[in-house]
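Presented as structure tokens, the chain that follows is alone, the form predicted alone.
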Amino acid sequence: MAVKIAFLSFAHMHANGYARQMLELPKGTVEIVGIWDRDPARAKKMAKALGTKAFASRDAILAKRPHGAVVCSENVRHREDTLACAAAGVGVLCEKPLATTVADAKAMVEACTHAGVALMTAFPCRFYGPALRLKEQLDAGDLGEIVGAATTNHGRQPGGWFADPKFSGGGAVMDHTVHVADMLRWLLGREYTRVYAAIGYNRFALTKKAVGKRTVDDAGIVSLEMDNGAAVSIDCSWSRPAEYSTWGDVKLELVGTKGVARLNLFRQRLLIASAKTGRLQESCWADEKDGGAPGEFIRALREGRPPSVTGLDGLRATEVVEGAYRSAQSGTPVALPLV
């Protein structure tokens, strides 16, 4: 029997990719039962593209009793949409960040736990082949104990609601810290104990153009300590100009007692000389395993088990982000966890 999936919003561009990955799973695995979006025109457009139905309300689509829902609404609306799913007995794959505050993330985890439904945070970086191979090396002890990590997640200002903190909850630090913070927790099996951050606002031309009179962070250096004393840095900027050949990157350099490892997650790429754009472009083909995060969500629903990436993982990443903003405001380190 096909797993029935509802999409709650296509506000985040990752929703398109998740839908594609689900439809690429073996025939009969998934049925997209419909789409609800606060933007009715967008819902109708995506429903037509995916060969499904647009619903007029969230209650109406959840009344169809899908097995799971993909929540890709604006960041500040994740809590509302997830709690509605939990109340309807529907599992959730929620776009990162899980929430914009620790309080909201905690409420989402508790609601889904109480309802007995799955809550998975969309951290696709865990499912890329290079990351999985690095995880195998680390688990085998090839690098010894990791004592330090220098990481980046650069990108381009997405524009739209991402540049409006009323909907995004924050800028580059909110958007780009969570991926790498989660990867390191997963790779190393360690927890964070302290965070210190320096954050810049409206530093880059795309941000200034997108935000107008509003102010949003587009540069950040987040320094962390893990429970074994390992020191971590995350450069999480929206520093890429519109002319750059790629959208962004995820890079890690890990220093262990037995060796050093460097990971460039999106190095699997094609170089395209485009007559249309007049510049060299890069396209990452990235070997995501078994349908990536959406595939894991579908398997978890089908098998009646918790997903390998949980709501708690999303909560821990949100703690790093909230702690970073608190630290930047106070100028002092902040102890983790926050709850």
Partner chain sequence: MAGRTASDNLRVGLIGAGMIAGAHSGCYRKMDGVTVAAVWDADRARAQKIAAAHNAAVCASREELLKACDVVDICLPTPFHLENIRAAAAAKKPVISEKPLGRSLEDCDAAIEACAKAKVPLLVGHVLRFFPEYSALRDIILSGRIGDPAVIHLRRVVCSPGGPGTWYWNYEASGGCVFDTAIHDLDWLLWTLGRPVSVYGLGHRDPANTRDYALITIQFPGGAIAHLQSSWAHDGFSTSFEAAGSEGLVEYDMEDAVPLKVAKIGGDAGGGGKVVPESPLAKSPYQLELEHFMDVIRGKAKPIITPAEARASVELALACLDAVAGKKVVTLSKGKAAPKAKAKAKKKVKLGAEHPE
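Residue numbers count along the first chain shown, from 1. Remember, predicted model here, so these are calculated numbers, not experimental data.
The form predicted in complex with its partner chain exists for this protein as well; it is not shown, and the discussion that follows is about that form.
Under a 4.5 angstroms non-hydrogen atom cutoff, its partner chain in the model of the complex has D235 among its neighbouring residues. Although the partner is absent from this view, T215 stays clear of its partner chain in the model of the complex, with no non-hydrogen atom inside 4.5 angstroms. When its partner chain is considered in the model of the complex, T101 lies well away from it, no heavy atom lying within 4.5 Å. For G248, no non-hydrogen atom is located within 4.5 Å of its partner chain in the model of the complex, even though that partner is not displayed. Comparing 86 to 94, 101 to 109, 165 to 173, 148 to 156 against its partner chain in the model of the complex, the single stretch with non-hydrogen atoms within 4.5 angstroms of it is 148 to 156.
Every residue of the trio A205, Y244 and V260 has some heavy atom no more than 4.5 Å from its partner chain in the model of the complex. Between its partner chain and the residues K135, R267, R77, R185, the one pair within 4.5 Å by heavy atoms in the model of the complex involves R267. Checking C72, A122, V178, L224 against its partner chain in the model of the complex, a heavy atom within 4.5 Å turns up for just one residue: L224. Scanning 241 to 256 for heavy atoms within 4.5 Å of its partner chain in the model of the complex gives P241, Y244, E253, V255, G256 in sequence order.
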